[in-house]
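Okay, so here's just one chain, in structure tokens, the form predicted on its own.
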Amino acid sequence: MITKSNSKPRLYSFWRSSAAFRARIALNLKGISYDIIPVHLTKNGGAQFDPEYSEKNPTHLVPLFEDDLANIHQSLAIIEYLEETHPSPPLLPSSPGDRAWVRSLAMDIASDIHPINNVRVLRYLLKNLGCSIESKDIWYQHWVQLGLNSLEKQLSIDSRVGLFAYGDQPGLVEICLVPQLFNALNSGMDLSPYPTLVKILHECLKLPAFIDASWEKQIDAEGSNPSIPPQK
């Protein structure tokens, strides 16, 4: 039997962080009340390197989730923890095969697209390897397009797809997909080749869990959401 936390959880977050965005969506979908503690990743060298935060999270990344039972970094680990401690509403299907399929789609995004387009990776290309902004943008869009092409192909033909990637309730795929699409749009990418993904994005942005987790709704926001293309 899982013992639930009695205190209000804390999420160390940055408004533009894709990984923190994922954790915010998951908490909102679960209906969990939580406090946001902003960690600015770029100002004054990055608050993630401050001694107090470094002691909590030596990876110097966000998000970091704390309650009176756990201290967890890595967004997917946080989401799995929430799924185990707050099983309703579920973020994963009930059958092992479908759960594995949903996890594989989520990992296509969180493991294969996002890491090589992370801010610290792009900054390294510019500052350490001397890439031009144009070359950095080519790098970014190449890897994102490669990943989104695969996702679109998979989701456009699978019978399990409904309003969302799996049926008519949002879950782990949408938690990972929406932040990635925000980043793609913000970079100026054309999403017209991905009608299935855009349809899912529009369904998500009808829901308070996604709206309240979005960029412009954060207490540390320094900008607005990207312009969402119309659904065809």
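Position 1 is the first residue in the sequence shown; the rest follow in order. Being a predicted model, the structure only gives us computed values, none of them experimental.
Here the subject shifts to the form predicted together with another copy of the chain, a form of this protein not shown in this document.
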query: Sole residue of Ser33, Thr59, Ser192, Asn44 within 4.5 Å of another copy of the chain in the predicted complex, by heavy atom; finding: Thr59
query: Contact label in the predicted complex: Ser156 to another copy of the chain, heavy atom within 4.5 Å; finding: no
query: Close approach of Leu76 to another copy of the chain in the predicted complex, 4.5 Å, heavy atom; finding: yes
query: Touches another copy of the chain in the predicted complex: Leu146 (any heavy atom, 4.5 Å); finding: yes
query: Proximity of Ile72 to another copy of the chain in the predicted complex, heavy atoms at 4.5 Å; finding: yes
query: In the predicted complex, segment of 36-44, 199-207, 177-185, 64-72 with a heavy atom within 4.5 Å of another copy of the chain; finding: 64-72
query: Partner contacts for 79-108, taking another copy of the chain in the predicted complex and a 4.5 Å heavy atom cut-off; finding: Glu80, Tyr81, Glu84, Thr85, Pro96, Gly97, Arg99, Ala100, Arg103, Ser104, Met107, Asp108
